[in-house]
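Both blocks below hold the same protein chain, though in two forms, and each is given as structure tokens: structure 1 and structure 2.
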Structure 1
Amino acid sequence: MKRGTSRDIRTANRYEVLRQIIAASPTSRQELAAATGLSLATVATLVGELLDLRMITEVGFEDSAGGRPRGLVAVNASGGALIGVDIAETYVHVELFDLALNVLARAEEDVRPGESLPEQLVGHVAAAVGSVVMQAGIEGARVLGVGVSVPGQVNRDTGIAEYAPNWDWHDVPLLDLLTEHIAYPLYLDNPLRAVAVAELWFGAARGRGDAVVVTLGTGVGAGLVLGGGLHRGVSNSAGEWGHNTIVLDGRLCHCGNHGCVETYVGAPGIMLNLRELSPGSPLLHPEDQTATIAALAQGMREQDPVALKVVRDTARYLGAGIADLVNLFNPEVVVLSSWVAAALGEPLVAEVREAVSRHALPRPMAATEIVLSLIPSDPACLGAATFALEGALQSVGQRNAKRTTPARSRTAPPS
């Protein structure tokens, strides 16, 4: 059982301060102290650290009410670059961010069906990473790290992709393979947790103690933010909500079970909801999830009854599932994220809210907001980049160069 040390407090505070600066750049030390609840002195030293690291810079002054003006600090956007890699079933998406987490460059590689060898995927990743670095015209030294999100179960310490259902991977030493092509520090995890971290740092979960980040994409997950940090579980596979049973003896899932959440509210599940309701619907683009979800979104805007019904049905399943999460965790906020949520947008969320409040207990429900993610682009990329950012900040706390007594010369002393 890991014990907390006082250094962890420092790390958490460092994260907190940087988060706040990124969120509200430029800002003053005063504001930071108020927002984080830390003392002015502590904020000042943390700000000093970040200044030394060149992650932030002083950008001028702000009038105070009659006294010495407040010094303002802001993220030093050009102080470094972070790369986020989102490996999915059909594509590899890479984005390069500056330290303000603006996207400086993007690259996307299609993964053709059948391309399932780790080496093939790694090739795509390496190509795309090379591309974004070139596009952005960044010198390599300024890349602080590369975060990689890969579906399935990942051991982030050993860097092994223990199991990826899409490609039937078992214990692939992905980190080692990537290291051969990519010279930057690498951080590996899965999309569920990447998205949760993105929401925790930059999205709707920021500043919340307990939050659940529901990712709605091809797969489905529930990232758990507990006590201000990501809950990983004992083998880094917490949050695998997609294969929870929502309908006993329901639809067959590729995992082998029946009635998994994913089969009703994942993109393929939504397509099935549509097909069952209206088999010949023009909204349905077989073999193309993205197009079908987009068509549904468009249909909703046009008040198409079929689209509305499908979304309502989906929201009903989702609502029942999320109600379970609300009862269990009693979170401050449930964030709906990932591309399906982004596409279906606020109308979906409204239906979900409705459905959740039918199923959840009133008291926990009253304490919980259900909101749409605020993150505009691919949250898995952003989250992966955030892993790299966390990694860069972590190493600051590293014990700086262990002091050793100077080695005595092997030759006879001159005495």
Structure 2
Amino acid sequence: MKRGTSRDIRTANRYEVLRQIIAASPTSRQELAAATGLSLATVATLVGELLDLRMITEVGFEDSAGGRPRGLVAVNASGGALIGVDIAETYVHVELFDLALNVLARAEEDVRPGESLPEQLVGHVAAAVGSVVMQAGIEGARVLGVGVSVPGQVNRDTGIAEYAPNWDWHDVPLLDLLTEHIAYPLYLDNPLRAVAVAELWFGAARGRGDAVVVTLGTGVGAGLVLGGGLHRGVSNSAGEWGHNTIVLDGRLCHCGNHGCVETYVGAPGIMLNLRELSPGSPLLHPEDQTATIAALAQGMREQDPVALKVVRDTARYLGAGIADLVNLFNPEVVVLSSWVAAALGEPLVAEVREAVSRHALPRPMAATEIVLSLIPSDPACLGAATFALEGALQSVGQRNAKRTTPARSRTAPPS
């Protein structure tokens, strides 16, 4: 969100108050003021606005020590629905949430190899969005918005997917293409931001001032939480850690460079690690990333020496890359997220912790936890749904501003 205007600040404060209510329902205005750092008067005004929007509701009182009972508010779960879309290289996953961000419906579409044209992916998204709305049995008017997480560099203001190296996308007007098939308000962003927000709201980064959320899937990246908030960078491109060079003159990456982190620890890179170690291994499913990662996970449980060696070697690369993040950002926590991390689980995390400790400086390493994401649903969908919520609150602020702005003559210059 652009800073500077009172409307922007008010929208940001409204969003933060609602976030706290969702995270800690029921809660009092006094507790909200303490959690957000806003004055009690400001919180009371924002709570009144959210009550008017039917996003929250009064739920009674709690006794206070010797004082007047405090009124409690809670999120009105049935006050609207939000949809989160996770577009990935091998699947499109969609979840529909109530306003408390409980999952009400899920749908998934497989993306087959070579099926990377924007129109093909848009078709999958439209089908899955239609499916979750039908499953939930809700009226379309209750859908406040659809947040869409798409890999690569995204201009969230214009809705253009500027660069997605794994698909060779350049300046794809993805939001316009989606609008042709989906009637709800749409909000576009990158999975690094989506997953980081999910961890900030409900996961291991909650209550932390500084955190790094490492996504391990087909692609690789790092969502950044700095100073208690999401860090986007000047062009919404922060976190493209997967395209940092980890091996000089190493493997060719889809981005055109050599030796990127992603080529060693993303799902295709792990498959290559396995192929180089044991070309004929039954663990290797040459055309199926998901099956290969699942086979490695099963192999680790069975103490298969090839599986253990592949995961250990992958963790060495991953640990060296994460050590750079620890040294650079000095985070309280590094969270390993996305489907590869979930599949390989705690054995991978244990190997990564050991590898990071060998490469990171002792002082920042001593202050950093390295943990596996515990969010039970798809974190990219959850984070994308929060972008839809943010957009809905911003739209309300803009409508309210228009109602209070004096009408101008059509010929009058803008102020």
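Sequence positions of structure 1, starting at 1, serve as the residue numbers. Rigid core here is just the name for the largest C-alpha set that superposes within 1.5 Å across the two forms. All values reported here derive from a predicted model rather than from experimental measurement.
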| item | value |
| --- | --- |
| Selected structure - criterion: the form predicted together with a further copy of the same chain | 1 |
| Residue shift check between structures 1 and 2, rigid core fit, residue 290 Cα at least 2 Å | no |
| Rigid-core frame, C-alpha of residue 57, shift of 2 angstroms or more between structures 1 and 2 | yes |
| Core-superposed C-alpha of residue 101 shifting 2 Å or more between structures 1 and 2 | yes |
| Between structures 1 and 2, how far the Cα of residue 39 shifts once the core is aligned, in Å | 8.5 |
